[in-house]
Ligand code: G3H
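Okay, here we've got a single chain as C-alpha cells, the form predicted alone, with questions on binding and movement later.
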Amino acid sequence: MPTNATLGELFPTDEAIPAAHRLATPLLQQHYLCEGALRKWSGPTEDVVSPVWEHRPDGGLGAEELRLRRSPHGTGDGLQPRTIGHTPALGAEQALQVLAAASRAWDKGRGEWPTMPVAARIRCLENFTRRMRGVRDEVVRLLMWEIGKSLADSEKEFDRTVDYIRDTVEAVKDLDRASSRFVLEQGIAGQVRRAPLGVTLSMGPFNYPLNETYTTLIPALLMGNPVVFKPPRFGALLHAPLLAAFAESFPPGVVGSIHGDGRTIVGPLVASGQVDVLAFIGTSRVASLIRAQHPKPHRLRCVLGLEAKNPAIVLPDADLDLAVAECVLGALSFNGQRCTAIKLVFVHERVADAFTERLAAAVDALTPGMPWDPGVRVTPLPEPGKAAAMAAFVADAVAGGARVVNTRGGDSAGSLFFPAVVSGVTPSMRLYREEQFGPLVPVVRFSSLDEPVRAITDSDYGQQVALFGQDPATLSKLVDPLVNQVCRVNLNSQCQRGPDTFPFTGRKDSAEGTLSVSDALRVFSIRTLVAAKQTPANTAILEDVLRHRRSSFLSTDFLF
C-alpha cells in the first residue's frame, strides 16, 4: 500500500525530468492578439503554476529563480509547486480594444470576413492549420506541464484538434454545396444559405484547453464570425505559440485574444452589447452571470457546454468485466476531469458486491506518476486545493455511512490524489448530488430500476447515461424514458463526447445548443435567403449576378 511519502516521491527533481519534456526556463508570455498583430504587454501578469510539483533543494538558486519556482504552499519536505511562466493580466481597457477590433472586422455584417466567399475563408484556415502543425511539440509539452495531462492524451488532444479542423472544413463544403442552387416554389425563386451571427466570445475549459476552445472557435470563424477568445486559467500558456499563426493567417480583427481574470475582462465585453454570440464551456452558475450582463440578453446567442452528473447503470445480467473496464475509463480518464465522465455508478444489489470488488481492484491497478511516465493513468491535478476538495467529498460520504473500498483510495501528496471508489453512497451525500469533477467513483446500490431512473429524472443535469446489460427487452425499457432525460444513451460503453461527427449537447443545466462537426456550423449561423418573383426582369438580374460572380451569397459555385 503506497503511503503519502511514496506518492510524493513520484514528483521529479529537475535532473530526473526527461530532456525531451523539460521546460528550460519560466515562459514569459508578453503578447496578446489584437487587430491582426501581437501587442506587447508590460503590465501585471498572472503566474502559471504547474501541477507537476518538484523536489529541489533551495541551495544555489538566485532570489529571482526562487521567487519564480517556489510557492508558500509546499509540503515542507522539499516538495513544492513550480511556477513555469506568466501570462498577461489584461485590464478592461485592453479587452475592449480587442473587442473593438473584432467589431470593426464585423462592421455590422459588412466587413471583409463576413462577406468573404467560403472558399477564401477555408484557405485562411488551412494556412493556419499548416502553421499550427509546426508547433505541435511545444503545445503538447505545455499541455503536460500546465494541466498534468499525460503525454499520450496531450498528443491525442492536439491531433484530434487538427482532425476536427479538417473535418469541419469538409462539413462546411458539404453545407455550401447543398446551398449552391436555387429553389423554385410558387412562382418565387430563392436561394437559402447560412449567414454569420456577429462577434463571438469563445471561452474554453481547462480540461481540454486546446480542443474544446477550438470546437467553438473554428466553426464560428468558418461561418464568417469574428472571434475573441479567452484561454482558460489553467492552459493559457499553450495558446501562446499559436497567436502568431492566427495573426499571419486571418485578416485584422478576425481573431483576437484576451488574457487575465474573467471577472475583470469578460464582464465589460458582454456589458458593451457588442458581443453577439457567447460560446462558453464551464459551469451554469458562471454562464448565467455572464449572460445577465448583456444589455439585451435576448439578442445574445448562447452556445453552452456546462456541468453534468452522468450516471452508469449496471444491470444484474451485465458483463461485469466489460462494465468495470468501461466504468474505469469513463470515470477516471484524465482523473475524472471531464464533463462527460461517469460520476455516479448505480449497481443492482444482486451483482453489487462482485462489481465493486472488481472495480476496486481495477482502480488500484492504475499507475500514478508524472505526465510523461509510460503507461501513467493518474496524474497531478491542476486546480490548487483540488486534492483537499476530493478528500472533503470522501469525508462527507464516510460520515454518512459510506466507505472507501479500494486499498489506495484517497492517498494524496501535493497535487496527486489516488482515485477512491466509494461504496454505499446515498442521496443524502454530496457525492450523490454534486459533480465531483475529479478522481472519485461513487457506487450506489439499487434493487428496483425505478430508483436510478427516478434519480436521473430528478437530477438538474441531463447529458448522458451508460447502460450495462445484455437483455434487449430490459435495455429497451430503459432507453425509451431516458432519451427524454439525457441526450446520449451509451449501451455497454462509457460516456464520451466522440466521435466529433456525433451531436454533443445536453438537457436541463448541462448544455444549450448542439456541438458536432456539422451542428456547430449551424449553431454559429442563421438561415438567410434571397427571394424574387420569377419575372423576366428578375430572372435577368439573377443571371447577370451569377454569370459575373457579383455576389458571395448569390452564387451557384460548387466547392470541391
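When you see a residue number, it is the position in the sequence shown, counting from 1. In this text the structure is predicted, and so the values were computed from the model without any measurement.
The discussion below concerns the form predicted in complex with glyceraldehyde-3-phosphate, not included here.
Engineer: Against glyceraldehyde-3-phosphate in the predicted complex, would Trp53 count as a contact residue? Criterion: heavy atoms within 4.5 Å.
Structural biologist: No - in the predicted complex, heavy atoms of Trp53 and glyceraldehyde-3-phosphate never come within 4.5 Å of each other.
Engineer: Does glyceraldehyde-3-phosphate come within 4.5 Å of any heavy atom of Glu212 in the predicted complex?
Structural biologist: Result yes; Glu212 sits at the interface with glyceraldehyde-3-phosphate in the predicted complex.
Engineer: Is Thr340 close enough to glyceraldehyde-3-phosphate in the predicted complex to count, meaning some heavy atom within 4.5 Å?
Structural biologist: It does: once glyceraldehyde-3-phosphate is placed as it appears in the predicted complex, Thr340 has a heavy atom within 4.5 Å of it.
Engineer: Look up in the predicted complex whether Phe524 has a non-hydrogen atom within 4.5 angstroms of glyceraldehyde-3-phosphate, and give yes or no.
Structural biologist: Heavy-atom contact with glyceraldehyde-3-phosphate at 4.5 Å: absent for Phe524.
Engineer: Looking at 516 to 524, 26 to 34, 44 to 52, 498 to 506, which stretch has residues with any non-hydrogen atom within 4.5 Å of glyceraldehyde-3-phosphate in the predicted complex?
Structural biologist: It is 498 to 506 that comes within 4.5 Å of the partner.
Engineer: Can you pick out, from Gln436, Gln80, Ser154, Asn207, the residue that has a heavy atom within 4.5 Å of glyceraldehyde-3-phosphate in the predicted complex?
Structural biologist: Of the listed residues, the single hit is Asn207.
Engineer: Which listed residue (Arg408, Arg377, Arg121, Arg160) meets the criterion of a heavy atom within 4.5 Å of glyceraldehyde-3-phosphate in the predicted complex?
Structural biologist: Looking at the other structure, the residue within range turns out to be Arg160.
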